[in-house]
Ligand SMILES: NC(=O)c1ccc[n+]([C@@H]2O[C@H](COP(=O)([O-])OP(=O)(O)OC[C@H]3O[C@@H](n4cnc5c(N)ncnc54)[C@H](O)[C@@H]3O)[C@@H](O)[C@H]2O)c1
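As a starting point, one isolated chain is supplied in structure tokens, in the form predicted alone.
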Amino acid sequence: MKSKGRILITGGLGFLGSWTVEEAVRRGYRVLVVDALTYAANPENLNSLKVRFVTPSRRNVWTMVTFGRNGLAEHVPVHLPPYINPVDNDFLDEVLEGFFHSDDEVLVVLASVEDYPLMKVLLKYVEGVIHLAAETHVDRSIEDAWDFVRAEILGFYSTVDAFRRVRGREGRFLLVSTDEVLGEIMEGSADEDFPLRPRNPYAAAKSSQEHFAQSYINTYGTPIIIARPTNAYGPRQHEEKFVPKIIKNALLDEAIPVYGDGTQRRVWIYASDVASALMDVYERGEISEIYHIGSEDEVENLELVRTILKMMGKPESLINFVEDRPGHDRRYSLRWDKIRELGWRPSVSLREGLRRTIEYYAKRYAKGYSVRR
């Protein structure tokens, strides 16, 4: 199949990143991935594709970086799997050029998007970017927001400014944001013009990305589009997230923590539907516009837990109500008329998506388990 183009997907070893990489390859793109291989990323997420892994060999940033409370960086060496090949910086251009003339579908560069000089090198080889690299777990942001400031704000700035300097006003840059930047929506649904009202550090960091994006559109004419998905779920999601945690704990007959009274409401979308929406927005969305990615599956947290337990044949006695987290938003809800105009609709129902997700985690924790239909 003739290549549809060259695209850079940041955070492509993560949950939504890997689904988006698969969708981009399915549509005929040659995909360059840059991923720092943090705790939520996994090279095995791209096992279905023909992938080559490389890592530049002479940069400190290719070690995991942690920041102590004194603000000093500590570099912790990473022991890379043998299939990941170190590349001398002098030969990085040669490796990148070679990839686009090879049979590989994806080239993964294990690196941090915060490495500004590297991003300028990578962006010479692609026409567009889908920016997914981020920290995403709200509980972690409440405990310590530094990694969110670093990944969301510094990482995004490094990527978008490198894009501006290398690509100018050419190509496309899709920033993947979140419904959480709008804060609580207690009644009705928010459209794309609703003001940003973040209520936790994660949402504040994502809002900062959007403000930077709007400033680059206005100041430099950078061809940026913003997408705001609601809650995604599905196979390969990190087990600290709500749906995987419910399923894992149920499989192991362990208590399932539910914040507060469990009446917080969320809208859920299966991962493949989010990936297809992102690619539709990348391909056909209007520059400088914002697109909401939503569905009709709005459910209370407690109802979702009960649904999953019923599907798994597990007792509700596993539910364990715990103290609510600080500033917990009660409800999110988006209007998504604009993306409908692009022809996108979610294709996987909540029940079918949950069945697929339960089966995925059951293979990991309870072999021989079968989900109720």
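Computed from a predicted model, the values in this text were never measured in an experiment. For every residue, the number given is its place in the sequence shown, counted from 1.
A second form of this protein, the form predicted together with the named molecule, is not displayed here; the remarks below concern that form.
Asks: Within 4.5 Å of the named molecule in the predicted bound form, counting heavy atoms only, one of 189-197, 173-181, 91-99, 295-303 shows up; tell me which.
Replies: Going through the listed ranges, the match is 173-181.
Asks: Decide whether K241 counts as a contact residue for the named molecule in the predicted bound form under a heavy atom distance cut-off of 4.5 Å.
Replies: K241: contacts the named molecule in the predicted bound form.
Asks: Would E114 sit within 4.5 Å of the named molecule in the predicted bound form, counting heavy atoms only?
Replies: Flag for E114 set to yes.
Asks: May I ask you to check whether P229 falls inside a 4.5 Å heavy atom distance of the named molecule in the predicted bound form?
Replies: Residue-level check for P229: yes, a contact with the named molecule.
Asks: Would A134 sit within 4.5 Å of the named molecule in the predicted bound form, counting heavy atoms only?
Replies: Although the named molecule is absent here, A134 would touch it in the predicted bound form, with heavy atoms inside 4.5 Å.
Asks: I need to confirm a contact call. Of I339, L46, V34, V31, which residue comes within 4.5 Å of the named molecule in the predicted bound form, counting heavy atoms only?
Replies: Checked against the cut-off, the match is V34.
Asks: Along 198-220, which positions have a non-hydrogen atom within 4.5 Å of the named molecule in the predicted bound form?
Replies: Sequence-ordered list: Y202, K206.
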